[in-house]
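In C-alpha cells, the next block holds one chain alone, the form predicted on its own.
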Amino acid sequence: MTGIEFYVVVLLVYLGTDLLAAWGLNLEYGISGVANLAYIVVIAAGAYTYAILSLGPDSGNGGFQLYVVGWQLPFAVAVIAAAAVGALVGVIIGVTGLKRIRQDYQGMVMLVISLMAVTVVGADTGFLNGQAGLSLIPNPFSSLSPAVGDWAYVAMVALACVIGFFVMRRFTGGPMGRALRAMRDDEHAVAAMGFSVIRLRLMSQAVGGAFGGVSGALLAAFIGGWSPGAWAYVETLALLTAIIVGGMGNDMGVSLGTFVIAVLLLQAVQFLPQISSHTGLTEALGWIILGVLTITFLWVRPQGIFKERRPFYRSPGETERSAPGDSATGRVAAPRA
C-alpha cells in the first residue's frame, strides 16, 4: 500500500468515526437542545472500554502499562460494551443538567466535567495508565496484510455509519423527533402535553452517548492507542462547529459539516509550513479558524448550510398542501369547500 492510499484510508476512517460522533452530539444539541460540552468524555469512555476489554491482562507485553479489567473479548462484543458504557456515561453526565438552568450555564457545567474527567484519568496511573495512556490496542484485521486489512476496516466503519444513520433517523424523525424538538424549543409546553422532560433529555444523552462510545471504540482500534491528550475539550468544539456549519437538526447537513470541518479543514492545516520561531502556531491556526467559522455562521447564517427540515402534517381528510405562509410553523391549510 502506497503512502497516498494509506492517507486516504486514514481520512475515511476519521470521517466515519467523526460522523458517528457528530450525529450523536447533534441528537443532544441540535435536536434536544442539550449543550453537552463534555461529549468528548463519552467518546473517550468508549475508547477506553474497548481497550481494557480487548487488550488482555496488563501483565502482558512486559507489563509496561497498568489498567483495570484486562479481558480479551471478541471485537463485536467489546464495541457493543463500549456503546453501553458510552450510554451510561452520557446519562451520568446528563444528570447534571436535570436542574433547570440556562443553556449557557449548562454548557459551562459540562465543560468543567470534561476538564475534571481528563484530570482524574491522567492522575491515576493504576486505572487507565495515567497520562501515558494505553497502547497496542488490537485491531480486528491485524492478521491480514495491510493492503487488505486497512480497506476492510474502512468497509467496517462504513457499515457502522450506514447502520448508525438509519438508527439515528428513528430518533430524529417521526413522533420522537417532534417531541425532542418541542422540548428544545419549549420544555414547559412539552411537560404540559404529558411528556417527561427529564426522561426525554436522559434518553437523548443515552443514545448520543452510545454513538460516541462506538465512535471512540472504532477510532481506538484503528490507531492502536488512546491517552488523555487525545480527548481534550476542544475536540467537542470541533464537532459543534461541524454541526453549526452543516445545519443543526439536519442529519445530512451535519454529515456535510463533519466532512468539511472535522476532516478537510483540520487535515489541511497540517500541510501549512511550520514557523520555527512560533512552535505550535500552525496547529493552533486550525482551532482559530474553527472559532471564526462558528462565530461567522452564528451571526450570518445560524441555520447552517442546510437548515433544519420540519415535516408538514395534515389531517386524514385533508388533500391540499399547506399554504406558503404556514410553512414556518408546519401548519396545514384548511381544505376548501
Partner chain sequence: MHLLIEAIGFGVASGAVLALGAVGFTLQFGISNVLNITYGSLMTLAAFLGAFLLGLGLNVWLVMALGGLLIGVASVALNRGLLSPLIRRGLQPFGLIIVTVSAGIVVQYMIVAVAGPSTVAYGNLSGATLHFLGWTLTTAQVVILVVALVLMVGLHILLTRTQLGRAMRATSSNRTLARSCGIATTRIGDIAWFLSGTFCGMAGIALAITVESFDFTLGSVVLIPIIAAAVLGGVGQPYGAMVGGLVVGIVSQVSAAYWSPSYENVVALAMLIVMLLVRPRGLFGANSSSRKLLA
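Positions refer to the first chain, counted from 1. Keep in mind that this is a model prediction, so the values were computed, not measured.
The protein also exists as the form predicted together with its partner chain; that form is not presented, and the subsequent description refers to it.
Quiz item: Heavy atom to heavy atom, is Phe165 within 4.5 Å of its partner chain in the predicted bound form?
Solution: Phe165: no, not in contact with its partner chain in the predicted bound form.
Quiz item: Closest heavy atom of Gly291 to its partner chain in the predicted bound form, within 4.5 Å or not?
Solution: Contact with its partner chain, yes.
Quiz item: According to a 4.5 angstroms non-hydrogen atom cut-off, is Val41 in contact with its partner chain in the predicted bound form?
Solution: Output for Val41 is no: heavy atoms all beyond 4.5 Å of its partner chain.
Exercise. Although its partner chain is absent from this view, report whether Gly304 comes within 4.5 Å of it in the predicted bound form, heavy atoms only.
Key: Heavy-atom contact with its partner chain at 4.5 Å: absent for Gly304.
Exercise. Please pick, from Met252, Ala152, Ala84, Leu111, the one residue with any non-hydrogen atom lying within 4.5 angstroms of its partner chain in the predicted bound form.
Key: Contact check passes for Leu111.
Self-check item: Proximity to its partner chain in the predicted bound form, single hit among Phe141, Phe222, Tyr233, Phe75 (heavy atom within 4.5 Å)
Solution: Exactly one listed residue reaches within 4.5 Å, namely Tyr233.
Quiz item: Three residues, Ile4, Ala132 and Phe211; all within 4.5 Å of its partner chain in the predicted bound form via heavy atoms?
Solution: No residue of the spot touches its partner chain in the predicted bound form.
Quiz item: Pick from 214 to 222, 262 to 270, 76 to 84, 239 to 247: which stretch has a heavy atom within 4.5 Å of its partner chain in the predicted bound form?
Solution: Stretch 239 to 247 is the one.
Self-check item: Those residues of 13 to 36 which, in the predicted bound form, come within 4.5 Å of its partner chain by heavy atom
Solution: Contacts from 13 to 36: Tyr29, Gly33, Val34, Ala35.
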